[in-house]
Ligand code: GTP
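Heads up, the chain below is alone and in the form predicted on its own; it's given as structure tokens.
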Amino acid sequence: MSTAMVVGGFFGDEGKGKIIAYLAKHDDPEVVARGGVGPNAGHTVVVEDKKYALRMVPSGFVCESARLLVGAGVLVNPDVLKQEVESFGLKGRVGVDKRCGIIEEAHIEEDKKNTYLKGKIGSTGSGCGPANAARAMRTARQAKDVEELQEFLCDVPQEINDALNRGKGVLIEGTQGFGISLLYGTYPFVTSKDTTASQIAADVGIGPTRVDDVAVVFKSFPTRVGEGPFETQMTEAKAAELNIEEFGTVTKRKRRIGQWDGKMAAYSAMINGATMIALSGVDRLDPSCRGASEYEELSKEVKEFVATVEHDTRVPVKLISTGPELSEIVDLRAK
């Protein structure tokens, strides 16, 4: 068994939730751990036509035997966490690191009222920016200080490393995307911390030598929610012509649509240390490929696009998502 990590290669919304859920279901890890910023990131998972939108709980919950962990680097909104645990029937499976920062109501109010964050930057208003600022100033509360989180408290790095020492599989879930990393994204139109694989590893307390695979997820047609540069953005008319219209999981804001960006993909793959590429949305390139599960079922156009992605990133494409359902995927990893 091994440690696999999944991160976003563009601006978020790449389809990470689907890829993570597929790997969790297919590879049967003992632990699925979430890194990233906090509840400002939403992952969508579709299982047998039922859609799940998650903001705190790992998307790998679909593996019913997996322990679900929220790493110390993640900000926690107790209300959002508890609501997801209850509505998805996950009681007893979720652990929250005792050192997680807490999002207070005051952080949410500040986020919503701050004209710079809400107006210019396009913040989701979930309180993550102000909460991370409080964390940096050492004034934030931690999960161990919150009574309603006591049942979830654990030491996430210890659990993950113990599982690895027993030879068990671990799946680590990143959030957001490379393009909105505080360090490497389109600053200042970014989230409040780094989002690359190195940061996600630190978030859950795993050393870089214990990560075996980094899957960077790219979307055939990149999208971006909110403000900020988007070099390959197409017009709304062109997006409509291609029948592409999307909305953010958390904010429900309309996503801007773009063309494939090989230069950005290459840089993202390099900094994330990608060992494989997961490609989503190929059914947008050719609707005839919708639902394909074998490489031979893909059209010439899609196969040529896969070759382009591999040429641009110099990393092999191993997972090709052909639709939202978990079964709609071509898995080219060694069996």
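Counting begins at 1, following the sequence as shown. The structure presented is a predicted model; accordingly, all values stated were derived computationally and were not measured.
Although it is not shown, the form predicted together with the ligand is what the next lines describe.
**Q** Even though the ligand is not shown here, does it sit in the predicted bound form so that Gly17, Thr44 and Glu246 each have a heavy atom within 4.5 Å?
**A** Yes, because Gly17, Thr44 and Glu246 each have a heavy atom that approaches the ligand to within 4.5 Å in the predicted bound form.
**Q** Within 4.5 Å, heavy atoms only, one stretch in 155 to 163, 197 to 205, 89 to 97, 168 to 176 touches the ligand in the predicted bound form. Which?
**A** In short, 168 to 176.
**Q** Would Pro29 sit within 4.5 Å of the ligand in the predicted bound form, counting heavy atoms only?
**A** Looking in the predicted bound form, residue contacts with the ligand do not include Pro29, since no heavy atom lies within 4.5 Å.
**Q** Is Pro324 a contact residue for the ligand in the predicted bound form, using a 4.5 Å heavy atom cut-off?
**A** Within the cut-off, so yes.
**Q** Taking the shortest heavy atom distance, is Lys303 within 4.5 Å of the ligand in the predicted bound form?
**A** No, Lys303 sits far enough from the ligand in the predicted bound form that none of its heavy atoms falls within 4.5 Å.
**Q** Might Asn272 be said to contact the ligand in the predicted bound form, defining contact as any heavy atom within 4.5 Å?
**A** No - in the predicted bound form, heavy atoms of Asn272 and the ligand never come within 4.5 Å of each other.
**Q** At a 4.5 angstroms cut-off on non-hydrogen atoms, which residues of 256 to 292 are near the ligand in the predicted bound form? List them in order.
**A** Those in contact are Ser280, Gly281, Asp283, Arg284.
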